[in-house]
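Here we start with a single chain on its own, the form predicted on its own, put down as C-alpha coordinates.
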(Lines give C-alpha, C1' and ligand atoms only; values in the text may rest on other atoms or scores of the structure.)
Protein backbone atom coordinates (compact mmCIF):
# COMPACT_ATOMS: atom_id res chain seq x y z
CA UNK A 1 0.00 0.00 0.00
CA UNK A 2 2.72 2.62 0.77
CA UNK A 3 4.25 2.10 -2.68
CA UNK A 4 0.84 2.48 -4.33
CA UNK A 5 -0.05 5.59 -2.34
CA UNK A 6 3.33 7.06 -3.24
CA UNK A 7 2.71 6.47 -6.95
CA UNK A 8 -0.71 8.06 -6.67
CA UNK A 9 0.26 11.15 -4.68
CA UNK A 10 3.71 12.15 -5.97
CA UNK A 11 4.05 15.45 -7.80
CA UNK A 12 1.53 17.53 -5.88
CA UNK A 13 -1.62 15.48 -6.57
CA UNK A 14 -4.69 17.13 -5.00
CA UNK A 15 -7.58 15.14 -6.55
CA UNK A 16 -7.98 11.44 -7.33
CA UNK A 17 -10.57 9.25 -9.04
CA UNK A 18 -10.79 5.58 -8.06
CA UNK A 19 -12.90 3.93 -10.77
CA UNK A 20 -13.14 0.41 -9.25
CA UNK A 21 -13.17 1.35 -5.57
CA UNK A 22 -14.12 -2.03 -4.05
CA UNK A 23 -13.49 -1.90 -0.29
CA UNK A 24 -12.29 1.75 -0.56
CA UNK A 25 -8.95 0.92 1.08
CA UNK A 26 -7.10 2.97 -1.52
CA UNK A 27 -9.53 5.89 -1.44
CA UNK A 28 -9.40 5.91 2.37
CA UNK A 29 -5.58 5.94 2.33
CA UNK A 30 -5.54 8.81 -0.18
CA UNK A 31 -8.05 10.81 1.87
CA UNK A 32 -5.80 10.36 4.89
CA UNK A 33 -3.02 11.97 2.85
CA UNK A 34 -5.17 15.04 2.21
CA UNK A 35 -6.22 14.13 -1.36
CA UNK A 36 -9.81 14.86 -2.35
CA UNK A 37 -11.11 11.53 -3.67
CA UNK A 38 -14.05 10.49 -5.80
CA UNK A 39 -14.68 6.74 -5.46
CA UNK A 40 -16.78 4.83 -7.99
CA UNK A 41 -17.98 1.25 -8.14
CA UNK A 42 -20.97 -0.38 -9.84
CA UNK A 43 -21.75 -2.67 -6.88
CA UNK A 44 -23.99 -1.38 -4.09
CA UNK A 45 -21.89 -2.76 -1.22
CA UNK A 46 -18.78 -1.01 -2.61
CA UNK A 47 -20.67 2.25 -3.12
CA UNK A 48 -21.78 2.09 0.52
CA UNK A 49 -18.21 1.56 1.72
CA UNK A 50 -17.09 4.50 -0.43
CA UNK A 51 -19.77 6.76 1.03
CA UNK A 52 -18.56 5.85 4.49
CA UNK A 53 -14.79 5.93 4.02
CA UNK A 54 -14.41 8.53 1.25
CA UNK A 55 -17.49 10.77 1.10
CA UNK A 56 -18.45 11.10 4.79
CA UNK A 57 -16.75 13.92 6.71
CA UNK A 58 -15.95 12.76 10.25
CA UNK A 59 -16.38 16.30 11.56
CA UNK A 60 -20.04 16.10 10.60
CA UNK A 61 -20.86 12.46 11.20
CA UNK A 62 -18.65 10.97 13.93
CA UNK A 63 -20.86 11.92 16.89
CA UNK A 64 -24.29 11.08 15.39
CA UNK A 65 -22.89 7.86 13.90
CA UNK A 66 -21.49 6.74 17.26
CA UNK A 67 -24.85 7.43 18.88
CA UNK A 68 -26.75 5.52 16.18
CA UNK A 69 -24.41 2.52 16.28
CA UNK A 70 -24.75 2.30 20.05
CA UNK A 71 -28.53 2.18 19.66
CA UNK A 72 -28.39 -0.47 16.94
CA UNK A 73 -25.93 -2.61 18.88
CA UNK A 74 -28.45 -3.49 21.61
CA UNK A 75 -31.28 -4.67 19.36
CA UNK A 76 -32.39 -8.28 19.98
CA UNK A 77 -32.36 -10.80 17.12
CA UNK A 78 -35.16 -10.87 14.58
CA UNK A 79 -34.85 -13.96 12.33
CA UNK A 80 -36.47 -13.88 8.92
CA UNK A 81 -35.54 -14.24 5.25
CA UNK A 82 -31.90 -13.25 5.67
CA UNK A 83 -31.35 -15.64 8.59
CA UNK A 84 -33.08 -18.51 6.81
CA UNK A 85 -31.12 -17.95 3.59
CA UNK A 86 -27.60 -17.29 4.93
CA UNK A 87 -27.66 -19.14 8.27
CA UNK A 88 -29.88 -22.18 7.57
CA UNK A 89 -30.07 -22.90 3.83
CA UNK A 90 -26.42 -21.86 3.64
CA UNK A 91 -24.15 -21.31 6.63
CA UNK A 92 -22.27 -18.03 6.37
CA UNK A 93 -23.27 -16.92 9.88
CA UNK A 94 -24.47 -18.65 13.02
CA UNK A 95 -28.27 -18.17 13.32
CA UNK A 96 -28.01 -16.03 16.46
CA UNK A 97 -25.69 -13.62 14.70
CA UNK A 98 -27.76 -13.72 11.52
CA UNK A 99 -30.90 -12.80 13.47
CA UNK A 100 -29.12 -9.81 15.00
CA UNK A 101 -27.87 -8.72 11.55
CA UNK A 102 -31.46 -8.95 10.34
CA UNK A 103 -32.86 -6.90 13.21
CA UNK A 104 -30.24 -4.19 12.79
CA UNK A 105 -30.72 -4.02 9.02
CA UNK A 106 -34.50 -3.81 9.39
CA UNK A 107 -34.09 -0.94 11.82
CA UNK A 108 -31.75 0.94 9.48
CA UNK A 109 -34.28 0.49 6.67
CA UNK A 110 -37.09 2.27 8.54
CA UNK A 111 -35.05 5.17 9.90
CA UNK A 112 -34.84 7.12 6.62
CA UNK A 113 -31.30 8.23 7.44
CA UNK A 114 -29.28 10.74 5.46
CA UNK A 115 -27.16 8.91 2.86
CA UNK A 116 -23.78 9.29 4.59
CA UNK A 117 -25.14 8.30 8.01
CA UNK A 118 -26.90 5.28 6.49
CA UNK A 119 -23.67 4.28 4.75
CA UNK A 120 -21.74 4.49 8.02
CA UNK A 121 -24.33 2.31 9.78
CA UNK A 122 -24.38 -0.23 6.96
CA UNK A 123 -20.58 -0.34 6.83
CA UNK A 124 -20.48 -1.00 10.56
CA UNK A 125 -22.96 -3.85 10.09
CA UNK A 126 -21.21 -5.37 7.07
CA UNK A 127 -17.86 -5.30 8.84
CA UNK A 128 -19.34 -6.76 12.03
CA UNK A 129 -20.86 -9.63 10.04
CA UNK A 130 -17.58 -10.12 8.18
CA UNK A 131 -15.74 -10.60 11.48
CA UNK A 132 -18.02 -13.52 12.47
CA UNK A 133 -18.64 -15.21 9.11
CA UNK A 134 -17.54 -18.72 8.15
CA UNK A 135 -15.78 -18.28 4.80
CA UNK A 136 -12.22 -18.11 3.52
CA UNK A 137 -12.65 -14.43 2.71
CA UNK A 138 -14.97 -14.59 -0.29
CA UNK A 139 -18.57 -15.74 -0.41
CA UNK A 140 -18.41 -18.26 -3.24
CA UNK A 141 -18.63 -20.96 -0.58
CA UNK A 142 -18.79 -21.38 3.17
CA UNK A 143 -16.68 -23.72 5.30
CA UNK A 144 -17.92 -27.26 6.01
CA UNK A 145 -17.24 -26.72 9.71
CA UNK A 146 -17.92 -23.45 11.52
CA UNK A 147 -14.92 -21.13 11.63
CA UNK A 148 -13.79 -20.31 15.16
CA UNK A 149 -14.64 -16.63 14.70
CA UNK A 150 -18.23 -17.57 13.77
CA UNK A 151 -18.79 -18.57 17.40
CA UNK A 152 -18.18 -15.00 18.57
CA UNK A 153 -21.11 -12.63 19.14
CA UNK A 154 -21.75 -9.91 16.57
CA UNK A 155 -20.32 -6.56 17.70
CA UNK A 156 -20.76 -3.23 15.91
CA UNK A 157 -17.89 -0.74 15.78
CA UNK A 158 -17.71 2.83 14.54
CA UNK A 159 -15.82 2.76 11.21
CA UNK A 160 -12.59 4.76 10.95
CA UNK A 161 -14.02 8.00 9.61
CA UNK A 162 -11.69 10.74 8.35
CA UNK A 163 -12.02 14.49 8.37
CA UNK A 164 -12.58 16.12 5.00
CA UNK A 165 -14.81 16.01 1.97
CA UNK A 166 -15.00 13.35 -0.71
CA UNK A 167 -17.61 11.91 -3.02
CA UNK A 168 -18.83 8.58 -4.35
CA UNK A 169 -20.86 7.21 -7.26
CA UNK A 170 -22.32 3.88 -8.35
CA UNK A 171 -21.74 3.97 -12.12
CA UNK A 172 -20.30 1.87 -14.90
CA UNK A 173 -16.58 2.62 -15.07
CA UNK A 174 -16.75 4.03 -18.60
CA UNK A 175 -19.49 6.45 -17.60
CA UNK A 176 -17.65 7.53 -14.46
CA UNK A 177 -14.39 7.98 -16.37
CA UNK A 178 -16.10 10.41 -18.72
CA UNK A 179 -17.88 12.32 -15.97
CA UNK A 180 -15.16 13.03 -13.38
CA UNK A 181 -11.75 14.69 -13.88
CA UNK A 182 -8.85 14.34 -11.45
CA UNK A 183 -5.11 14.81 -11.18
CA UNK A 184 -4.69 11.03 -10.95
CA UNK A 185 -6.97 8.13 -11.86
CA UNK A 186 -6.52 4.72 -10.24
CA UNK A 187 -7.66 1.56 -12.04
CA UNK A 188 -7.84 -1.80 -10.27
CA UNK A 189 -10.36 -3.64 -12.47
CA UNK A 190 -11.53 -7.26 -12.29
CA UNK A 191 -8.97 -9.33 -14.17
CA UNK A 192 -10.21 -12.93 -14.44
CA UNK A 193 -13.37 -15.05 -14.22
CA UNK A 194 -14.11 -14.17 -10.58
CA UNK A 195 -16.84 -11.54 -10.28
CA UNK A 196 -16.65 -9.20 -7.29
CA UNK A 197 -20.45 -9.35 -7.13
CA UNK A 198 -20.19 -13.14 -6.85
CA UNK A 199 -17.36 -12.90 -4.33
CA UNK A 200 -19.35 -10.60 -2.02
CA UNK A 201 -22.96 -11.36 -2.89
CA UNK A 202 -24.07 -11.62 0.76
CA UNK A 203 -22.89 -8.07 1.47
CA UNK A 204 -24.58 -6.88 -1.73
CA UNK A 205 -27.85 -8.32 -0.45
CA UNK A 206 -27.28 -6.91 3.02
CA UNK A 207 -26.86 -3.42 1.54
CA UNK A 208 -29.63 -3.63 -1.07
CA UNK A 209 -31.98 -5.46 1.36
CA UNK A 210 -34.05 -6.70 -1.56
CA UNK A 211 -34.57 -10.41 -0.67
CA UNK A 212 -33.47 -11.54 -4.14
CA UNK A 213 -34.06 -14.89 -5.77
CA UNK A 214 -31.01 -17.05 -5.04
CA UNK A 215 -29.45 -20.17 -6.54
CA UNK A 216 -27.00 -22.95 -5.67
CA UNK A 217 -25.62 -24.18 -2.36
CA UNK A 218 -24.01 -20.77 -1.79
CA UNK A 219 -27.40 -19.02 -2.24
CA UNK A 220 -25.96 -16.46 -4.63
CA UNK A 221 -28.13 -13.63 -5.86
CA UNK A 222 -29.67 -14.43 -9.23
CA UNK A 223 -28.19 -11.23 -10.67
CA UNK A 224 -24.70 -12.66 -10.20
CA UNK A 225 -25.59 -14.52 -13.40
CA UNK A 226 -27.19 -11.48 -15.02
CA UNK A 227 -24.87 -8.58 -14.15
CA UNK A 228 -21.76 -9.89 -15.85
CA UNK A 229 -18.76 -7.63 -16.47
CA UNK A 230 -16.72 -7.51 -19.66
CA UNK A 231 -13.65 -7.47 -17.40
CA UNK A 232 -14.51 -11.05 -16.39
CA UNK A 233 -14.48 -12.25 -20.03
CA UNK A 234 -11.22 -13.21 -21.73
CA UNK A 235 -12.42 -12.04 -25.14
CA UNK A 236 -13.81 -8.71 -23.91
CA UNK A 237 -11.41 -7.41 -21.28
CA UNK A 238 -9.04 -5.62 -23.68
CA UNK A 239 -11.83 -3.63 -25.32
CA UNK A 240 -13.37 -2.87 -21.91
CA UNK A 241 -10.12 -1.45 -20.58
CA UNK A 242 -9.49 0.49 -23.79
CA UNK A 243 -12.94 2.08 -23.46
CA UNK A 244 -12.16 3.22 -19.93
CA UNK A 245 -8.71 4.52 -20.84
CA UNK A 246 -10.20 6.43 -23.75
CA UNK A 247 -12.48 8.37 -21.40
CA UNK A 248 -10.06 9.09 -18.56
CA UNK A 249 -9.18 12.76 -18.07
CA UNK A 250 -6.12 13.06 -15.82
CA UNK A 251 -2.43 13.94 -15.63
CA UNK A 252 -1.57 10.47 -14.38
CA UNK A 253 -3.11 7.01 -14.63
CA UNK A 254 -2.09 4.28 -12.19
CA UNK A 255 -3.12 0.70 -12.97
CA UNK A 256 -2.86 -2.33 -10.69
CA UNK A 257 -2.89 -5.70 -12.43
CA UNK A 258 -2.02 -9.33 -11.85
CA UNK A 259 -0.06 -11.82 -13.95
CA UNK A 260 -3.01 -14.25 -13.64
CA UNK A 261 -5.27 -11.82 -15.49
CA UNK A 262 -7.07 -12.49 -18.76
CA UNK A 263 -5.25 -9.55 -20.36
CA UNK A 264 -1.70 -10.41 -21.39
CA UNK A 265 0.80 -7.95 -19.93
CA UNK A 266 2.38 -6.96 -23.30
CA UNK A 267 -1.08 -5.97 -24.58
CA UNK A 268 -1.79 -4.08 -21.37
CA UNK A 269 1.46 -2.13 -21.78
CA UNK A 270 0.53 -1.38 -25.37
CA UNK A 271 -2.89 -0.04 -24.35
CA UNK A 272 -1.42 2.12 -21.62
CA UNK A 273 1.25 3.51 -23.95
CA UNK A 274 -1.50 5.11 -26.05
CA UNK A 275 -2.05 7.52 -23.14
CA UNK A 276 1.55 8.44 -22.31
CA UNK A 277 4.89 7.29 -20.95
CA UNK A 278 4.61 4.06 -18.93
CA UNK A 279 6.73 2.94 -15.98
CA UNK A 280 6.24 -0.30 -14.09
CA UNK A 281 7.10 -2.11 -10.88
CA UNK A 282 6.14 -5.66 -9.92
CA UNK A 283 5.99 -7.40 -6.56
CA UNK A 284 5.97 -11.10 -5.73
CA UNK A 285 2.79 -11.86 -3.78
CA UNK A 286 1.15 -14.93 -2.13
CA UNK A 287 -2.03 -16.11 -3.79
CA UNK A 288 -5.43 -15.93 -2.09
CA UNK A 289 -6.16 -18.08 0.97
CA UNK A 290 -8.42 -20.47 -0.96
CA UNK A 291 -5.38 -21.62 -2.91
CA UNK A 292 -3.79 -22.91 0.30
CA UNK A 293 -6.94 -24.82 1.22
CA UNK A 294 -7.00 -26.66 -2.11
CA UNK A 295 -9.55 -27.36 -4.83
CA UNK A 296 -12.86 -29.03 -3.87
CA UNK A 297 -15.88 -30.29 -5.81
CA UNK A 298 -19.50 -29.44 -4.80
CA UNK A 299 -19.58 -32.53 -2.55
CA UNK A 300 -16.71 -31.12 -0.47
CA UNK A 301 -14.16 -33.63 -1.77
CA UNK A 302 -10.64 -32.40 -2.48
CA UNK A 303 -9.87 -32.68 -6.17
CA UNK A 304 -7.24 -31.42 -8.59
CA UNK A 305 -3.96 -29.69 -7.91
CA UNK A 306 -3.70 -25.96 -7.22
CA UNK A 307 -1.34 -23.88 -9.35
CA UNK A 308 1.69 -21.89 -8.13
CA UNK A 309 1.57 -20.61 -4.56
CA UNK A 310 2.64 -17.09 -5.56
CA UNK A 311 2.00 -14.62 -8.35
CA UNK A 312 3.19 -11.14 -9.29
CA UNK A 313 1.29 -7.91 -8.77
CA UNK A 314 2.12 -5.22 -11.33
CA UNK A 315 1.79 -1.48 -10.83
CA UNK A 316 1.83 0.66 -13.98
CA UNK A 317 2.17 4.44 -13.88
CA UNK A 318 1.23 6.41 -17.00
CA UNK A 319 2.24 10.08 -17.22
CA UNK A 320 -0.30 11.40 -19.68
CA UNK A 321 0.57 13.95 -22.36
CA UNK A 322 -0.61 17.45 -21.39
CA UNK A 323 -1.98 18.73 -18.08
CA UNK A 324 -5.31 16.95 -18.63
CA UNK A 325 -5.82 14.49 -21.48
CA UNK A 326 -8.60 15.03 -24.01
CA UNK A 327 -11.54 12.68 -24.15
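Positions refer to the first chain, counted from 1. Keep in mind the model is a prediction, meaning the values are calculated, not measured.
Below: the form predicted in complex with a small molecule, not depicted.
**Q** Which one of these stretches, 134-142, 166-174, 114-122, 152-160, sits within 4.5 Å of the small molecule in the predicted bound form when only heavy atoms are counted?
**A** In short, 166-174.
**Q** Identify which of 278, 35, 42, 29 has a heavy atom within 4.5 Å of the small molecule in the predicted bound form; exactly one of them does.
**A** Of the listed residues, the single hit is 42.
**Q** Considering 82, 257, 196, 180, which brings a non-hydrogen atom within 4.5 Å of the small molecule in the predicted bound form?
**A** Of the listed residues, the single hit is 196.
**Q** At 4.5 Å between heavy atoms, is residue 316 in contact with the small molecule in the predicted bound form?
**A** Answer no; every heavy atom of residue 316 is more than 4.5 Å from the small molecule in the predicted bound form.
**Q** Indicate whether the small molecule has at least one heavy atom within 4.5 Å of a heavy atom of residue 15 in the predicted bound form.
**A** Contact with the small molecule, no.
**Q** Hey, in the predicted bound form, does residue 86 get a heavy atom within 4.5 angstroms of the small molecule?
**A** The answer is no: residue 86 has no heavy atom within 4.5 Å of the small molecule.
**Q** Look up in the predicted bound form whether residue 186 has a non-hydrogen atom within 4.5 angstroms of the small molecule, and give yes or no.
**A** Heavy-atom contact with the small molecule at 4.5 Å: present for residue 186.
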